[in-house]
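Below you will find one chain, with nothing else, as structure tokens; this is the form predicted on its own, and questions on how it binds or moves follow later.
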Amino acid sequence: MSRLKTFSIGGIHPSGRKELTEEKKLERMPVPEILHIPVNQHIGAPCVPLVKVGDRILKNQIIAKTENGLPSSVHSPISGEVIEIKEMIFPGKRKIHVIIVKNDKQYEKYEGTEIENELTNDFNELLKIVENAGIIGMGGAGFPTHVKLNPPKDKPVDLFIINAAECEPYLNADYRAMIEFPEKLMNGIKFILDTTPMKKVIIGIESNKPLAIKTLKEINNDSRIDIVPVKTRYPQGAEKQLIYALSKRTVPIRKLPFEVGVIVQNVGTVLAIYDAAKMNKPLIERILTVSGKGIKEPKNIIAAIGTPIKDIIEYCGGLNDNTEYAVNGGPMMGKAFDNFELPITKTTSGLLFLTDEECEESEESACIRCSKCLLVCPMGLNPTTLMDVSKKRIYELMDDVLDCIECGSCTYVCPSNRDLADNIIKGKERYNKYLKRSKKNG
């Protein structure tokens, strides 16, 4: 048996904890009475509301949009009345305006949407469809997909990689999608191949998902598509690490995958592209995992964008009394939160409700210079040094913080319980502001 493909340096093997939901079939959660729809869910210039309080809006209608920077748009998953537009604070202390819509339960669709179309093989038309549907990277990054699919003309791309690793513990959203919608996924991949200049597809799936690998291999009849098991190793699903594992192409520091002829998309993003092209359906819902020993009924669900987390908790049976932590995303890269009025967004891959048993919290102590953080960093950085210079704001020594992929591996292995990753992430934010100030001041 050949060795499983993987990336070259660093990495860890955290407990998968997939068993809580890996056998749970997807459930479509009923849309609640009230949705809180954030106007900005992507990387790029903030969207601006196109509606006002008192307006009646339709399902699939664009309700927020931006034309600047990396443009994107936000659609309503329901018909109903706009009852308020207010600011909410999201994880990471991000202030985002939210359009609050009361569901009239009529689900009256915006004209021309959710009607089956003939698939186009026109590349420019595909880009327009994807942009109009508000599709962004659903693995967590939130980069507008129509921009990603259209690299610079002088950067030819021949390889399309589907990131199906889902290496974060607990999460099974992509896994369930591959098992339950395999034909749709493969049709979406073929459609993208037929419509773009890319000639080859590799679907990278971690080896701890044998049923997904088997399911896709059994229905694959296209020689352009390879389904490749990769080693179960975190952060296998990080873009640069997965590209190296599957193609041995190395994305240069601070460069994007198109520099080495590659585009990477998440499973959920491919499904959304197919829905937009085939049914003229914008991105108004997503698959996510609700898990952890703190939730009474762990599930994999399909929920409307803007569904308040409190409604998802209720749908999953409520919280156990010993719930101590709530995380938006996976436990390694997700963000802690404590406001259950917050909604899910296009990039919410999971909601975790964890107990003390699952999150062993110990007091931080001094670094013992064991070098474990250096050994596991997939970018070959020195997390201890980066944390120290970040906390002290020694900007002339902070340049390497920009290369951190925020995977959290360093924090995971630190025997002194130092929150290396969080401090480096904060340092990155400060350093970026410092660079902007320096540029502005000449």
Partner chain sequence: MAENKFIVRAAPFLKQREDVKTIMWTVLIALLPATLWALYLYRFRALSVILFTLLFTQLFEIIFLRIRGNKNIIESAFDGSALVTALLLALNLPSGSPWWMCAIGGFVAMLFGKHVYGGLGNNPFNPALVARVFLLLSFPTIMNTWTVGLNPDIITGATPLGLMKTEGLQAIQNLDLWRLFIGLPVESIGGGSIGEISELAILAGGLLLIARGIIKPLIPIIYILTVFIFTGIMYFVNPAAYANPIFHMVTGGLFLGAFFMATDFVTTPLTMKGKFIFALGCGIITSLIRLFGSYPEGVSFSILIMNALTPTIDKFTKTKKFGG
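Everything numeric in this text was worked out from a predicted model, so none of it was measured. Numbering follows the first chain given and starts at 1.
The form predicted together with the partner chain exists for this protein as well; it is not shown, and the discussion that follows is about that form.
- Contact check for residue 403: a non-hydrogen atom falls within 4.5 Å of the partner chain in the predicted complex.
- Residue 158 falls outside the set of residues with a heavy atom inside 4.5 Å of the partner chain in the predicted complex.
- Taking non-hydrogen atoms only, residue 147 never approaches the partner chain to within 4.5 angstroms in the predicted complex.
- Under a 4.5 angstroms non-hydrogen atom cutoff, the partner chain in the predicted complex lacks residue 38 among its neighbouring residues.
- Contact with the partner chain in the predicted complex, judged as any non-hydrogen atom within 4.5 angstroms, is confined among 56-64, 403-411, 41-49, 23-31 to 403-411.
- Of the candidates 104, 194, 324, 226, 324 is the one whose heavy atoms come within 4.5 Å of the partner chain in the predicted complex; the others do not.
- 319 is the sole member of 302, 82, 88, 319 with a non-hydrogen atom lying within 4.5 angstroms of the partner chain in the predicted complex.
- At a distance of at most 4.5 angstroms from the partner chain in the predicted complex, all three residues 368, 371 and 380 contribute at least one non-hydrogen atom.
- Contacts to the partner chain in the predicted complex (heavy atom within 4.5 Å) from stretch 253-268: 253, 254.
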